Ligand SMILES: NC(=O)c1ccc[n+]([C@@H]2O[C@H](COP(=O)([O-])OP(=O)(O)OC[C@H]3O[C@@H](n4cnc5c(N)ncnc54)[C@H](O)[C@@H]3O)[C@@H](O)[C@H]2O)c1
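Given next, in structure tokens, is a single chain: the form predicted on its own.
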Amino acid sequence: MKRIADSTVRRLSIYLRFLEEFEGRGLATVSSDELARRGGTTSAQVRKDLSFFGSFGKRGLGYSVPELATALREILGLGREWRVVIVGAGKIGAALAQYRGFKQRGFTIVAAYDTNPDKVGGRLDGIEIRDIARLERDVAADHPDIAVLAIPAEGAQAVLDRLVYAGIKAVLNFAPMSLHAPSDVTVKTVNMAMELEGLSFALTNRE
């Protein structure tokens, strides 16, 4: 499959959320126009996004809500369990550990790690906080799929290097810095300042 742009993947996630809403309301079909309106895009973009993965819907009839929702879950890899570890048991790590939506989407948090001896041995919403010294050994034993970095910027690259060495191939980074990883490791950085700047731009440039 050709490389799919991150923006396309984000829109697929948005479409899926609306489809699940429609499922809950008992709607059988939906048009590309409706998905576009809800997702803040165009019907042509909806059709283009879906065309990367096959043929969906029928002209004049729209898309079958349950069929398209099932297809998008499969495309997004939501049909299996993904094991997740959180590195950093501070405020962001704690908030992530308590978020119920992860489990609903198939993301199971198996452990959290920290360097603070006052936190090690405690729990985040029932999840054990382990000493980060155990990281490589635990990864070898527990085989997590995804790591979440919720630590200060100054230590993030070193921890990422340890995760990569241990075999982790997907990392969600909340540290406010760009990280460097091998080409076979995917790192997604959540830049909260950038998101707020996008909102400030929208407010500043309202008609």
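For the two forms, the rigid core is made up of the largest set of C-alpha atoms that agree within 1.5 Å on superposition. Predicted model only: the values in this text are computed from it and were never measured. Numbers follow the displayed sequence, beginning with 1.
What comes next is about the form predicted together with the ligand, which is not displayed.
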* **Any non-hydrogen atom of L96 within 4.5 angstroms of the ligand in the model of the complex** => yes
* **Proximity of F174 to the ligand in the model of the complex, heavy atoms at 4.5 Å** => yes
* To do: Considering only heavy atoms, tell me if P152 and the ligand come within 4.5 Å of each other in the model of the complex.
  => yes
* Asked: Are any of the heavy atoms in L72 no more than 4.5 Å from a heavy atom of the ligand in the model of the complex?
  -> no
* Structure fact -> Note: the ligand not shown here; in the model of the complex, the stretch from 41-49, 63-71, 174-182, 28-36 having heavy atoms within 4.5 Å of it is 174-182
* **Heavy atom distance at most 4.5 Å to the ligand in the model of the complex, all of V84, V110 and D145** => no
* **Residues within stretch 17-34 having a non-hydrogen atom within 4.5 Å of the ligand in the model of the complex** => none
* To do: For E21, state whether the C-alpha moves by 2 Å or more between the shown form and the other one after rigid core superposition.
  => no
